[in-house]
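We give structure tokens for two forms of one protein chain below, kept apart as structure 1 and structure 2.
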Structure 1
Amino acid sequence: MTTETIPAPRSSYAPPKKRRVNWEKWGWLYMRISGLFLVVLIFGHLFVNLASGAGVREIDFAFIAGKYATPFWIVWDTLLLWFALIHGANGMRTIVNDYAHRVVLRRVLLTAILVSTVVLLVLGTLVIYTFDPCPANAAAGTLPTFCPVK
């Protein structure tokens, strides 16, 4: 019996490339995880603001002040803002990548999505955490009942 000779491989051994973070995978996973959170957050938001009581007709400044009197809705709205806007922006990014074939157009649209997302996240977060239920510039009859009488 003769010894089998194994021919040399056609390509020489190449060290594996340095593994980079697979952002597309994490984006894909984010859509599903944030989606689960958003089902609860959005339907809770819609129920309290749109379905219960008199619906949207009972929303005014005093209604918001009443909600933000406890940390519960502050945390709820913060999670809602961040989860929803990033979920939406990532979805729009996918759609732009699907349909905007021209490089310049795609870059402009992706930049617009990124900029608007960052601006609205900062704006929304500032509004939630700097909210004053009894501001000095309030017109008569707009404040919640718990504000000190001027």
Structure 2
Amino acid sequence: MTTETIPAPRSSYAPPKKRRVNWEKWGWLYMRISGLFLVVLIFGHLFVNLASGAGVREIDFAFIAGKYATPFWIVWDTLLLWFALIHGANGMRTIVNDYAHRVVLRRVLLTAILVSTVVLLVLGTLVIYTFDPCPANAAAGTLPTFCPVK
């Protein structure tokens, strides 16, 4: 009879492998969660802009300036922008991964999607947060009627 020592449970002979992030799982999960948020955000946006009030005829510079006078609509439109752009970019990433078989082409397309998404997010967020209907040094004739004359 031989006496062998049994290794302790959960001990391994090889060094432990590093776990990598499962991007496909997180991308799949993001699409479902952001889709639910987008349904609420989009229908809220459409209702306020189109169904309530005078509809499309009411949307003009003053309408947007009035909306952006409150922090609620700034946050609403920011969430809509971010969720929609990232949702769309993630969908494009999935399509590229499915149909671009050459590694170099896939990397170029994924980089283009990433760069364009980041640029659009930055520019869109800047537009939302820096929108000023009454700029400080503008000529009085170019300002909307609701701006105080300085």
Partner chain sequence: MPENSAGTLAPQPVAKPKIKPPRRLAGTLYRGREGMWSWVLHRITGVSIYFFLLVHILDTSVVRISPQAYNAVIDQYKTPIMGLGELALVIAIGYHALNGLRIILIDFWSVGARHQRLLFIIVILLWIVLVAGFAPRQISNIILEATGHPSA
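Throughout, residue numbering runs from 1 along the sequence of structure 1. Throughout, rigid core stands for the largest set of C-alpha atoms superposing within 1.5 Å between the two forms. Small disclaimer: the values here were computed from a predicted structure and weren't measured.
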property: Structure identified as the form predicted together with its partner chain; result: 1
property: Displaced residue check between structures 1 and 2: G53, CA, 2 Å or over, core reference; result: yes
property: Did T130 shift 2 Å or more between structures 1 and 2, C-alpha, core superposed; result: no
property: Rigid-core-fitted C-alpha displacement of A139 between structures 1 and 2 (angstrom); result: 8.1
